Structures are given as structure tokens and as C-alpha cells.
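Structure 1 and structure 2 below are two forms of the same protein chain, each written out on its own as C-alpha cells.
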Structure 1
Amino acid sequence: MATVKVNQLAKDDLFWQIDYKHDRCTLCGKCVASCPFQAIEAKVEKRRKVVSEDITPNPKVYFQTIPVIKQVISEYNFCRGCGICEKVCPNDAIKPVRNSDHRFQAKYRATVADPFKRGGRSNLETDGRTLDKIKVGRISQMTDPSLDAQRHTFDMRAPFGRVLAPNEIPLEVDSCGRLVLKNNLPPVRWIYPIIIGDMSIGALSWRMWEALAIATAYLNEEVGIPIRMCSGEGGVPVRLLKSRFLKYIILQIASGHFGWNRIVNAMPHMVEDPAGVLIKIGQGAKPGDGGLLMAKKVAKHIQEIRGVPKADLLSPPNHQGLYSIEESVQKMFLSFNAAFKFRVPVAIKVAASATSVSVYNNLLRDPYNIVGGFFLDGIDGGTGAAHEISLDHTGHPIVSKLRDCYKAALHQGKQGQIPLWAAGGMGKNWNLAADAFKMICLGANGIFTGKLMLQLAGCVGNDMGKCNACNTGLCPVGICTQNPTLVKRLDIDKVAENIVNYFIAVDHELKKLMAPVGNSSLPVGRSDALISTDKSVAERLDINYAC
């Protein structure tokens, strides 16, 4: 009996197995050349062939050595199922096939003694999405006619900035019976209720980031959709900092403070204020975990923008010295408010968690009126690299948490004063408008979206383990890699165009939802417009159950 090395990694351990049709392959080599993971290679196989060349049967056995494409069996160069080889093969000779019997993560940990890491998406979704169990069930008829989505004008703006209670606004009645302001107020910007955010240069290739920035500027200047984009924690190119387009960018600062050196240096040269500042405390994809940019992705330009050497870049899970909401957060808020002379709203982003409501309650009571927004990021969000254990096993779904926060504000009678922005799996069913509308009815002022933008740019990954290689620096479509060859695969103009087109469609679709409920301005907190066909969802979110 032959000996077998049963403990070695084998093809049937892997997530994906390469299905290669030798008879169709012309050995053009395109697949091998295009697989960024080196998960396939050119090899030779010895083949036994029986032929008969006579008139009567006269079989002869030949042995031939023929070139083939083979899958690499390795803990490092394993196939991700991205399908690039299939895309480039002119003869349909190769494709990855999902292996439902795989046990790769166990083998990986057992061999490498290291946590398994991958691109940021949860792959453990068991039931359907909550938002898909909610419908817009209150349709205006007769006594309250619905509107015409094509012809009516809609006033779709959401606040970014600290909104004061009416009795806190320093107003005075002048001699003409008009209200006048006695003092300055915290800045509030009225923007589109969807923010593109917040993915850094570094996590994203510079081309991808640029495509987002171009789309944002185009949407604002040519289409009239006042959308904003959040920079992510990785700095902003100086050229953009000094340009008038900065007004569409929300600058992010996180625990690593990456890129802020340059931002601060650019301040005297800024011709426009940024749209806002977002202090990231936590993110939904890997709550409690800081950002992680592998050294592989820290290319020269990234080192420059961030002001760092080539090394793994870890944003600490916590902001140094930030231990109480009352003290340290306020210090931080104050310093950023002051940095732009209180002209630029400063908001906070946290991972949705069992504790979000307490944090929000605290902020709402903040006597300094400095918190310009509460960004809640639920599980299902995120794009970067993370430990699988964080991605799959930590985090809080966003929908009920957003609702809880809105209700906390309602309980205090302070709804809208610190605008609520929510994210985490928005547009996962490809329909961002539906998700945005439902979240707004549940109490959000707006939503933010990231991963969907990558899908629009051509990301081939999904939530069932396809690709998910964003951590490797080898993104096969050039979205989240700094590898110059791979980055070139991304067509900046095309990506920007797709994103612009998508938002034009979203804008129409949002109106298509506002019209039947008869509203021309955003129905924030109008949960009476929603129904759920799932009793527990209806009960939890305090909306009508329908069946």
C-alpha cells in the first residue's frame, strides 16, 4: 500500500479548486500571468496514451510529458476564487469551483500558528437581511395624495453638524419683527443623505480613491447631487487639500493619525474648508480592532501621504488618552473644532455595539455643543484587512442599533440635534436607495456606504468567500492594492462614471420612494411608513407587522 502524507495540505482542503480542461487549453499562459496570487502555475504532467495506427487494432502505449496549468497547494498561494483566470481565458479552459468541503482556515491556523486574515466582509450571514424584511407600507391615497416622482421637487438634504435646540439658538427679535442671531452657531452643512465613506488611500489604490473623489466632485458640480466623501484615515493628496474640491471631502482622523501631518501643513494653503472632520473611534467590520495596513500595501506614495516608513501600519484599537466620553472626547472634539476655527463640523464614528446608546446619550447631553454627528457603523461594513475572527464573530447589526439611538434621542426630546448617520451593509442587495429610505424612516438622518462603491468599481468579491483578498495587497482588479501593475487594471474614468451613474439612479429611486408616501422632504423618523412581514423584526423596531 502506498504511503500517504495525510497531514499535508491537499487540494480538497482549499476553498476553491481549479477546474482545468486540458483539452481546451492552448497554453497561452494568460491565466498564470494574470493570477495575482500565484495560485496557478505552469507544470508538466506525464500522460499515458494508447493509440492504434494500423488498419486492424494494434494498440501501443505512449508516455508523454505535456505542459498543463496546475493549482498551487499552499497556505500562502491558495486560490481565492476571484475568477480572473476564467475572465482572461479565451477558451473557457479554466475556472475556480467552490469547494463546500473545505477546511482551509483550520489547516491554515494549524500550520502557520497565526490568526487567519482576509478582506473585510462578514461571511457568516445566516438569515436574510433585516432591511429586506421591511417594506414601505404606507402609500398615500385619496386624503393625502402621493406625489409625482418625475415632476415634483424634492428637498433631499441631511444635516452634518451640531444642531441646537430652538431655545438654545441665540435669537433676538429686531425692531422689524425679524429674528436676528446674536452669536455664532456651530456649523451645520446640509448635504446629500448618503456619504461615500470612509476608505483610505492605502486601503484603496490611489486610482480607486481618485475615482471616488472625481465621482464626488462630478456629482456635486455637474449633477447637482451634494454628496460628500470621507477620506478615511490615510491622509489626502496635497493637491486636493489645496484645491477647491476639498469642500466635498470629510477629513477623517483615527487613532493612527495617519496623514494629519500633511493636512496640518496644508492648512495655510487651503482655499476652501473641508466638508467636515470625522473622528473615527471604531468601525463596524472589526469593532474594537484598529485599522491594519499590511506592509505590502505601504508603497512609496503611501509612505509619503501618511508620513510613515514601510511597515505594517496598525491603528491602535483605542485613541490614546481617550478613556471617558466626558473628558477626552471633548478635548479631541474641541481641538478639531478649533483647528478650523469652528467653521467645520466635527463628527464621531463608532462601531455599533451594545453600548452605542449610552455613548449617544452622553453625547446628546454634551453641554459644549461640539459633536456634529454620530456615525454608527454596523457589522457588515468595512473593506480593509482584518482578522477573520473579528470579521465574522464581532459586531452588531446596524438596523436595531440605529433605531435604539434614535429612540434614545426621542426619549430625551433631542432628536436631530446630533445627526445620526448609519452604515454597515448598506446597498448589499445592490439597492442603496431602498436601504437609505428605510434607515431614514427608522430615524437616521443619512447613511454612508463603502463596499458598494467597490462593487461598482469592479470588485469581484462577495460575502460567500469569493476573493476577499483585500488584505493581501494583490487585489486582482486594482481596487485595494498599491501594486503598479494591478492598479493599472482599474480604469479611473470608467469607475467614476459608474459611480456617478449609480447615484443618479439612486437619486431617482429615492424620489420614487418619497413620492408614494407623499413627502417632498426626508421622512426622518417616519416609521409609520414602514411595515415588516417578520413579526420579531416589527416588534424589535417598533413598526407595524403585516402579513
Structure 2
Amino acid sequence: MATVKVNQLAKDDLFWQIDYKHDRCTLCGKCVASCPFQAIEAKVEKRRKVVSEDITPNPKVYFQTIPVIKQVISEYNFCRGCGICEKVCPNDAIKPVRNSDHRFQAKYRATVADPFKRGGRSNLETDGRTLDKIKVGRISQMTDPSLDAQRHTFDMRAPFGRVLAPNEIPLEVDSCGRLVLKNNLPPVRWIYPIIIGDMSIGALSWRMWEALAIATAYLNEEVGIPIRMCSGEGGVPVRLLKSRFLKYIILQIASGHFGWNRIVNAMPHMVEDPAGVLIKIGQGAKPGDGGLLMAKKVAKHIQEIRGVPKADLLSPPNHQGLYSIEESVQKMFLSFNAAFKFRVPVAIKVAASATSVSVYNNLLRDPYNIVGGFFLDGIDGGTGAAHEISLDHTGHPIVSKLRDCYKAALHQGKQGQIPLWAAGGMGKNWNLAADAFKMICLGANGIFTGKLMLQLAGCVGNDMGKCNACNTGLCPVGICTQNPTLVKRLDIDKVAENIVNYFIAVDHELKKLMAPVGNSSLPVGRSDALISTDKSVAERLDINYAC
């Protein structure tokens, strides 16, 4: 009897188990060739068969060696459940099956002595989404005449930049009796209330990033939807920096400052200003952590864009010199406003936390009027790579924190002066328009979204542990990898087309929600339009409870 090796990793420890039907398999090899994780392999199995070919029992024993597909049992080459093998199999002979009794993370840590890392979003959904417990309840065709969503003209623009109160606008009457500006106003861009969130050209493959840029330009120039895209921390291709399409891009700077040498060097050659600058202090998926780009994804072109060698790229958790909210943030804002001669709005992005309201209150007292926006990112935000313990166990839900910030500004009579943008799981239920509308009613000027764009591109991962291999550089659909073979799986034109079509649909759906409540402009702060079927949610957000 063989020794039972109880302490070794076994198939029943894994997240996903391969369900293989030998009798349906033609051994074409497509599944093995297409699996980027090398989680399956061609092997042979020994089979023993006893037959009797006589009228009376006369057993004969035959041994056969037959080729099969087998699952690899390894801490490194384990199945992520992406299902690519199932997609390519012509005979439905193989598929991954979720193992509800797995204990892989414990085995991994015990064997490798390293924190378990992955990409994606939190996989510990415990109580449903808050936004799904909120409905648009104030639809009265008697007291609030509805508009015609198909024919009415709607103002769908939101501010990105500091908006002055009427009494702060520097106006004076000149000698001819005309009102003239004494000083320049802070720069404000009026854009679509949904921004394609910050995903860097290292976290994403160059094809995915280019598809986002193409879709953004097409939506602006052909469809008339003034959407903007944030570059993420990782630089921008020089050709784009010198093109007129730069005006649709929000440049991001984070604590690693990756790619900023190229951006600074390209400034004299820019024919358009960028849409804005977003300084990332933190992100919702892993608050307290900086960015993380594994060396496996630092391909040659990424090294050139970022100006770095091939190595794990870790952004520090803090910006250098971040000693206080007032000094450090103001210093950065002044630097980047000065770089573009105060023509470009600058905003900051932080992870939602218990102190978000304090930070926002400090920014509202900004005496220089240069804070162009406050981007709050909640716990359901996505990331390309993070320690799993951060993804699943740190962060703050976005909805209540957005509401707190809006009410703080309202209390000071300064709502809308520093636009609030919120994110973290927007579109998680596949309906971005509904989430955007509810967040705007709760006080957001707009929202930003990232992971949904990946889903539109063909991402096979989900928030229940499927795939989530963005950190490995082996994304099976070519979205989050720099592997040339895998990147070729992504069809740029099709991805751009999907994103364009989705936003056209979102635009219609937003108007379908604005029309019944009688709003022809964005209903920022119109919480009276909302009800909740959950009493605790209604009380926390100060909206009507309905049952």
C-alpha cells in the first residue's frame, strides 16, 4: 500500500478542479495549448481491464496505456477557472468546476511563505450591494411632470475643475459699464458624468489600452458624448501626447511617478492640453498600498514608457513629502497647475475611509481655488495586482462615504464647488446607468469605472474567484498581459466597438431615469428621488424608507 501523503497539495485543495471526459476527447491538444497557466498537461494513464471471452469464466487481464489530459497539482501552475479550455474544446470534453471545499490560500501560504496575490476585486460579498437596495421612487406624473426621454434635450455634463461660488467670481464693471473679469477663472472642463477609470498601460496590454483610447476618441468626435479617460500611473505613448486626442485624456500621477519623464519631455510638443491631471493618493481596492506591477508584466515597451528596468514596480504607499493634507496636496496641485500654466484642472483621488470627510472639508477651504475635484474610490474598486488580504479585508464602502462628503459640503454651503466623483464597484450588476444615476442623486457630480470596461472587452473573471489572474501576466484573453501571444487574442476594433455601443446604451438609460423625475440636467443631490427598501440603508443615507 502506497504511503498517503496527507501534507502535500492535492487536487481537492485547489480552487478549481478540471472535469475531463476521456470518452469525448479527441486529443486535439487545443485545451493544453490555450491554457496560459499550464494548469493542464498531456499525460498517459495506465488502465487495467479484465475480460472473459469464453462461455465459462476465463478471465484475462489487459493493460493499456492511454493518453489523457490531466490537471497539474502545483502552488504555481494551478487552475484559475478561466474556462479557456472549455471555450476551445470542440466536444465539451473539459471544463473547470468550482471546488467549494478548497483550502488553497492556506496551503499556498504554508508552502511558499509569501502572501497570496491576485488581481480583480473583493471576493467576499457578504450582504449584497447597497445600490441595489435603492430605487428611484419619486416618479409622479402629477407633481413632477415627466419629460420625453426620446425627444427632450438633456444637459448631461458634469464639472471637472474648481467651480467658484457666484460671490467669488472676480467681476467688475469697466468704464463702459460692462462686466469684465479681473482675474482668470480656475479651469473647468464640462464633461460626461462617467469617466473611464485609471488603468495603466502596464497593467493593461497595449491593445486593451489602445482600444480604450480609440473608443474615447470615437465617443467624443462621432457620437457627441464628451467622455474622458484617465491614463493611470504608467505614462502615455509619446504619439498620443503629441496628438490632438490628448484633450480627452486625464493624466495621472501617483507616488511612483512612472512615465512622467516622458510626459514632461513631451510638454513643449503638445498641441492640446490634457483634459486634466489626477493625483492618485490611494485607491479603494487596496487602501494604504501603492501600485504594484509584477516584473512578469514589465515588457520592453513598458520599460521604455516608464523609464525603468525589468523588475517588480512598487509605488510607495505615500507620496514623498506627504506630511499633512494642506501642505503636501497643495504643493502638488500648485506644481501641476503651474506646469500647464493653470490651464488644466487638477484633482486628487483617495481611497474612501473614515477620514474622507475631514480631507474633503480641508480641500473645501482651499484658498487658492485650485482643487479641481475629489475622487473617492470604494472597497469594490478593482486592481491589477494586490495582496489578497488587502483586497478582501481593507477598504470602505463608497456609498455612505460619498453621501457624508456631499452633506459636509452642503452644511458649509459649498456643494458643487469641488466636484465629487465616486467609484468602487460601479456597474458591478452590469447596469452602469442605474448606479451612476443613484450616486448622482446622493451627491456625486459623476462616477468613474474601470473593471466594467474589461468585462466589455471579454474579461472572463468575476468577483467570486474566477480567474482573477491579472497579476500573473498570463491573462488568458489578452487584456492584462504583455505576453505577445496572449495579447494577440484581443481584437482592438471589437473591444472599442463594444465600449462605444455600451456608452450609447448608458446615455439612453441615464435619460430614461432623468426624464421620469423631471430633470433635464443631472440631478446632483436630489436624494428625494430615491427610496430604499432597507430601513438601515434609508436611515444611514437619509433617504425615504419604503416597504
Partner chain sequence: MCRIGAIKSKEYVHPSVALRLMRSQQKGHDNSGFAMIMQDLGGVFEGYKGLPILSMACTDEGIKVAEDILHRKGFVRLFQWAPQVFPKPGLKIEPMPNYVFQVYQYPKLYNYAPQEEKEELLVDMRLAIRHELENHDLGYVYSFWPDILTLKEIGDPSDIGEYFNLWEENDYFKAKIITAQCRQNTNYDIVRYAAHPFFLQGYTALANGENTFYEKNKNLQKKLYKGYIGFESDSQCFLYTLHYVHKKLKWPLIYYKHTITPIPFEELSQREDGHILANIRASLAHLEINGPNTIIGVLPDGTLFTCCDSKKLRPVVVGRDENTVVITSEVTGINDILPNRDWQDDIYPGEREMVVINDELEVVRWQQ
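Residue indices: 1-based, along structure 1. For the two forms, the rigid core is made up of the largest set of C-alpha atoms that agree within 1.5 Å on superposition. Values in this document were obtained by computation on a predicted structure and should not be read as measured data.
K.L.:
Only one of these is the form predicted alone, so let me know which.
P.N.:
It is the second structure that is the form predicted alone.
K.L.:
Relative to the superposed rigid core, does residue 51 relocate between structure 1 and structure 2 - that is, does its Cα move 2 Å or more?
P.N.:
It does, since the residue 51 C-alpha is displaced 2 Å or more between structure 1 and structure 2 after the core fit.
K.L.:
Aligned on the rigid core, do the two forms place the Cα of residue 60 2 Å or more apart, comparing between structure 1 and structure 2?
P.N.:
Residue 60 C-alpha, core-superposed: shift of 2 Å or more.
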